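The data below hold one chain only, encoded as structure tokens and taken in the form predicted on its own.
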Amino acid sequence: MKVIVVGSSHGGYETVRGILAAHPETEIQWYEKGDFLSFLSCGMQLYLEGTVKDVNAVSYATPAGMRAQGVHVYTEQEITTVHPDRQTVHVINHATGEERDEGYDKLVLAVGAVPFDLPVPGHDLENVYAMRGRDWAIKLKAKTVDPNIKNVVVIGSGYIGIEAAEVFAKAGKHVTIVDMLPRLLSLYLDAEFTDTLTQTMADHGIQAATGQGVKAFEGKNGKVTKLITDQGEYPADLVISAAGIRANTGFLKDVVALDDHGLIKINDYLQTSDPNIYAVGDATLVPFAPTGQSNRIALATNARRQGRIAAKNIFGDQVTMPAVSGSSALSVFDYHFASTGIKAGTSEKLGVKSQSVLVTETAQPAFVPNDAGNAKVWFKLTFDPADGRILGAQIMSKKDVTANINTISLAIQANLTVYDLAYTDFFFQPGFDRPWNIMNIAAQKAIDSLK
């Protein structure tokens, strides 16, 4: 069998790995239109802050390594057209200018998403950057040490925007985050968490300009100098746009069925409207465990699960994509937080009735004499008020206690309730935690609220 995989980020990488593991005899053609294979944008902050020294190390695969396993790797070669009736793709080699057609038995689309380009005046000015991919990482790294860059404006307060803001604040720049939403990180955390994080960012020179829409960029001599919103103006020597992503599916409009947002429609087995074409990654929806509906959750973990499952199903297996909880985590200066599932702030939009309890306590017993042990922990548990079914949770502390969220993710996927969680067995050692795990305490508090 000949399989063509388009795209080399998480979904494409796992598809190729899965095929190699189970069917190494397969002819695999792997295409990446850029000049670098499998760059991991989720590791960009580590490179920009100098934790990782070599930008080329932010990858899980190299062309040489994959070719040694029998994979035909093509970088700087773009698939521009798919002909499902003939089961062929049209390829342009950007290095040589040559074009050709290639046939396939199965095609896996891991085309991903690209940064959303704000359609406002001045968006094409110099020093208006994105933060996605290796090329942007190299450009951003240079700007962290550019003495001419004093004021940085970040558009968007999701994970990418917050990472960008922290990088440039640590580099000594004055940073402003502009977002249409009323709170920073509001899609991931409720106000009890974001209030503290917003103050922490302010303490480190990051100004929040929330509830504001971008109207224009202004510049001088072709370079951006100012960002204008519907409520104010902000000086900007550099603008980093992290205002969301759009599916990279323009060339697939007449090839497979797309939804109103340009996302590829897939079934439970990751097949598109053409049974010989599969799709994985950020250009698709995934089943969301708390609601039982499909949702857009652009996370590397989801793309990787899809890649492994597609690798099985193209050979005739009938493996369905498991429901996910949308678990994620991030550090903001000294704080570490994680969330999963539904939050109080997102339940209404999702059409779900929910109830929540908040627990705060120290990470370890009071007699433990260290800063980590005395670190405050915030934990918020969200559940269905009708039956106590666990719907989501958030946790934050200066001590890294984020792994607790993995337990809640499993509880969501297993349809566990607060009654199950209240007395679940967790270990205790005072050097690590408290006699009652904070998840136990929150579940017990939830039960009391339901009486």
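None of these values were measured; they are calculated from a predicted model. Heads up: residue numbers just count along the shown sequence, starting at 1.
Omitted from view is the form predicted in complex with flavin-adenine dinucleotide (FAD), to which the following refers.
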Would you please decide whether Y159 lies within 4.5 angstroms of flavin-adenine dinucleotide (FAD) in the model of the complex, comparing each non-hydrogen atom pair? yes
Contact of G281 with flavin-adenine dinucleotide (FAD) in the model of the complex (heavy atom, 4.5 Å): yes
Residue contact check: E78 to flavin-adenine dinucleotide (FAD) in the model of the complex, 4.5 Å heavy atom: yes
Quick check on L118: any heavy atom within 4.5 Å of flavin-adenine dinucleotide (FAD) in the model of the complex? no
Three-residue site D179, H336 and N404 fully in contact with flavin-adenine dinucleotide (FAD) in the model of the complex at 4.5 Å by heavy atom: no
Pick from 391-399, 24-32, 62-70, 415-423: which stretch has non-hydrogen atoms within 4.5 Å of flavin-adenine dinucleotide (FAD) in the model of the complex? 24-32
Students should find that, of L125, L285, V214, A300, the residue having a non-hydrogen atom no more than 4.5 angstroms from flavin-adenine dinucleotide (FAD) in the model of the complex is A300
Could you work out which of G326, G112, P290, G307 is the residue within 4.5 angstroms of flavin-adenine dinucleotide (FAD) in the model of the complex, going by heavy atoms? G112
Hey, which residues along 249-272 are within 4.5 angstroms of flavin-adenine dinucleotide (FAD) in the model of the complex, non-hydrogen atoms only? F251
